[in-house]
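A single chain comes next, written as structure tokens; it is the form predicted on its own.
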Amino acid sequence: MAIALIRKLEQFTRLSAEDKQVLTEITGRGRVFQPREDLVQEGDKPSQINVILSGWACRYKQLEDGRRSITGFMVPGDLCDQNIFILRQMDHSLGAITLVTVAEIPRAAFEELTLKHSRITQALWWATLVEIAIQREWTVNLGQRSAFERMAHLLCELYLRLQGVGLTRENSCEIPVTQAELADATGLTAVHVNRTLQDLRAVGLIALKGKTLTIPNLEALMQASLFNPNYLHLDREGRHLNANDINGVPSTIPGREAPL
């Protein structure tokens, strides 16, 4: 169940066999949430770190009149607010989009994990920086990109995030969200979302069959949406933080610095 989390963190640094075992143990017991069920509601007191093991969830804010804004999609491997304990109460909600399995890590266990396993901690820092970068990009999406660019950009991002945790097949992936949920995430109406998806299909940039998204030419979709993947840090800029063993074999002689 920890495979997606391990793959996500290894985008930033190579983890040792011990690191992987610890992550497997701490996420070993999952809690299942039904679609449209809240994992956490705004106003709740944070009590644990939630890790998405399977399924999709979202962060959202809801106005008193019922209007909702989705501020982030959560996919397998994502941690939901790892620094949440500094808050007295949640300032947003987390909701399941599909059937979701979540590992709930108590504060004490999470603090012990970060204190005793430096590579995991460093990878978590990177994951937090990427999460913040994604929020900045969503702000640019809402403020500057056209509906066509906005939708294409979001699809590029989701595809690359899923690819990073091994959830794509060739040029396809599952996008189990409704057009209403895409509307809540992009600031468009559901009708506008439908029309925009039709436009993307018409020019051959995407194909949608059920919940399966196929991107025939990812580079073309990136160009159409002015997508620069640097904010996802997929090139492993944290490679200098690599573990000192690969498949259990030390890569350096004790007492010598690890090569860059």
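Quick note: we count residues from 1 along the sequence shown, nothing fancier. As the structure is a computational prediction, the values presented were derived from the model and not from experiment.
Separately, the form predicted together with the DNA exists; it is not shown, and the next lines address it.
Please tell me whether the candidate spot formed by R136, L154 and N217 is one where all three residues come within 4.5 Å of the DNA in the predicted bound form (heavy atoms). Contact check failed for every one of R136, L154 and N217.
Which residue, N171, N83, Q179, Q163, has a heavy atom that falls within 4.5 Å of the DNA in the predicted bound form? Selected option: Q179.
Proximity to the DNA in the predicted bound form, single hit among N194, T212, S47, N228 (heavy atom within 4.5 Å): Spelling it out, the residue with a heavy atom inside the cut-off is N194.
Residue-level question: is V140 within 4.5 Å of the DNA in the predicted bound form, judged on heavy atoms? Residue-level check for V140: no, no contact with the DNA.
Is L167 one of the residues lying within 4.5 Å of the DNA in the predicted bound form, judged by heavy atom distances? Because no heavy atom of L167 falls inside 4.5 Å of the DNA in the predicted bound form, the answer is no.
Indicate whether the DNA has at least one heavy atom within 4.5 Å of a heavy atom of P106 in the predicted bound form. No.
Flag L158 as yes or no: does it have a non-hydrogen atom within 4.5 angstroms of any non-hydrogen atom of the DNA in the predicted bound form? Contact check for L158: no, nothing within 4.5 Å of the DNA in the predicted bound form.
Segment assignment from 38-46, 195-203, 51-59, 25-33: heavy atom within 4.5 Å of the DNA in the predicted bound form: It is 195-203 that comes within 4.5 Å of the partner.
Could you pull out the residues of 126-157 that have any heavy atom within 4.5 Å of the DNA in the predicted bound form? Residues within 4.5 Å: S146, A147.
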